[in-house]
Ligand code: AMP
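Have a look below at one chain only, the form predicted alone, in structure tokens format.
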Amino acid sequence: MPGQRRTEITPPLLGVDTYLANVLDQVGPLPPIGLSLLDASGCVLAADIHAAHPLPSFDNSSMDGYAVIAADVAAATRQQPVRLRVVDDVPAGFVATESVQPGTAVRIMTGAPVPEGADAVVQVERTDGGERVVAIREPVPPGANIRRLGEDVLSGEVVLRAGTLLTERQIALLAALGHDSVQVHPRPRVVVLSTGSELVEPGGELRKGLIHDSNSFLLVAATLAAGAIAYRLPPLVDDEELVLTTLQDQLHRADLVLTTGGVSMGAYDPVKAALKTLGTFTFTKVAMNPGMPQGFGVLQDGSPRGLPVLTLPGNPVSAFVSFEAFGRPLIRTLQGRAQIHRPAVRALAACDFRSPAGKRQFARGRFTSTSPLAVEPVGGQGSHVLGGLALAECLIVVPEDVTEVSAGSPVTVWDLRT
């Protein structure tokens, strides 16, 4: 009507937790595959592992020394050693051909099977090291220095549960139990794509109005640190058709696509336009600082699951914080990890600082002391300030309803060093 002033109604911002829940509701662990042990390192176990045999699988010596009958050497002293006839010599990987009888011993190396008749091993340091006759200078109790069959793992025992992250320690156990391959949820293959006509590759010529692409390098490094496999693409100019073609070309090798840039409220948003033609996507504003514009959806690639695509803001600090808040949990969910977030710790604010009302702030910070654990904001807090981000050791997470943080007050911290 004439004379009536219309005001555009801005929908309320979506909460950080709500947005993350919406993203994770649409994905799950990648289907299990069989991988060789070394290829499985860093992956998550898809099924329980039962021991096919005990560990150790036979009684063996934990020391270089002499297999004896403990009662034979009970009275041994340095002044009056007990002398025993050495009837055999057993290195690791071999079995004694002679049993231990009263008054005899078998020289034995670490890991070798304990000979029949012996109930203890005397360390070589407690003897004179004799080859035909050995002088035992100290007594040992029955069972001394013997690793018993099954004392580590029993046959049939569940040694690793599904959901276990396989590190070097679990890989060693699997190898010891005879596994040369294992069923795991694989590390997600993540394609990282930056868009923007202003972007040039590092090392390229910078004309006025151009900047070097840092976001894709940032996100590839963050993706690798989160446990995934990353593929970086060169930056794309703001062209919807080019973005569309590039995304379609990546379907065969991606479990997740991360894009940065091209999803703001501006006039040139090629990522938005391209993605809306390929699947169901939601672009929204999240109540966080930095990193308000966010997007997520599933691209229809012909598979039952579809290909998830997470679109992050173009400002580098916003892209990093958004990755920590949403990208890292998404990657770890695809990987089947139980712990998808960085551990949150409590610390004390080392100084006063402010936080925007109605938004969860992720302030870049550094630790000022360890006892008590204290933090302070570091560098500029703008969404473009890479120098400050490079100095950050943590993110200080300030709730939406807090606008002022006082020195000495407790704060939640995501430790970026872990």
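Don't overthink the numbering: it's just position in the shown sequence, from 1. Everything numeric here is computed off the predicted structure, so don't read it as measured data.
As for the form predicted in complex with adenosine monophosphate, it is not shown, yet the points below apply to it.
None of the heavy atoms of R305 is located within 4.5 Å of adenosine monophosphate in the predicted complex.
Within this chain, T284 is remote from the site of adenosine monophosphate in the predicted complex, having no heavy atom within 4.5 Å.
The closest non-hydrogen atom of P316 lies within 4.5 Å of adenosine monophosphate in the predicted complex. Using a 4.5 Å cutoff between non-hydrogen atoms, H212 counts as a contact of adenosine monophosphate in the predicted complex. Think of it this way: in the predicted complex, adenosine monophosphate has a heavy atom of just one of D72, E324, D119, D269 within 4.5 Å, and the residue is D269.
Residue-level contacts in the predicted complex: of E157, D89, E198, E138, one residue has a heavy atom within 4.5 Å of adenosine monophosphate, and it is E198.
Remark: of stretches 160 to 168, 144 to 152, 177 to 185, 190 to 198, the one touching adenosine monophosphate in the predicted complex is 190 to 198 (heavy atom within 4.5 Å).
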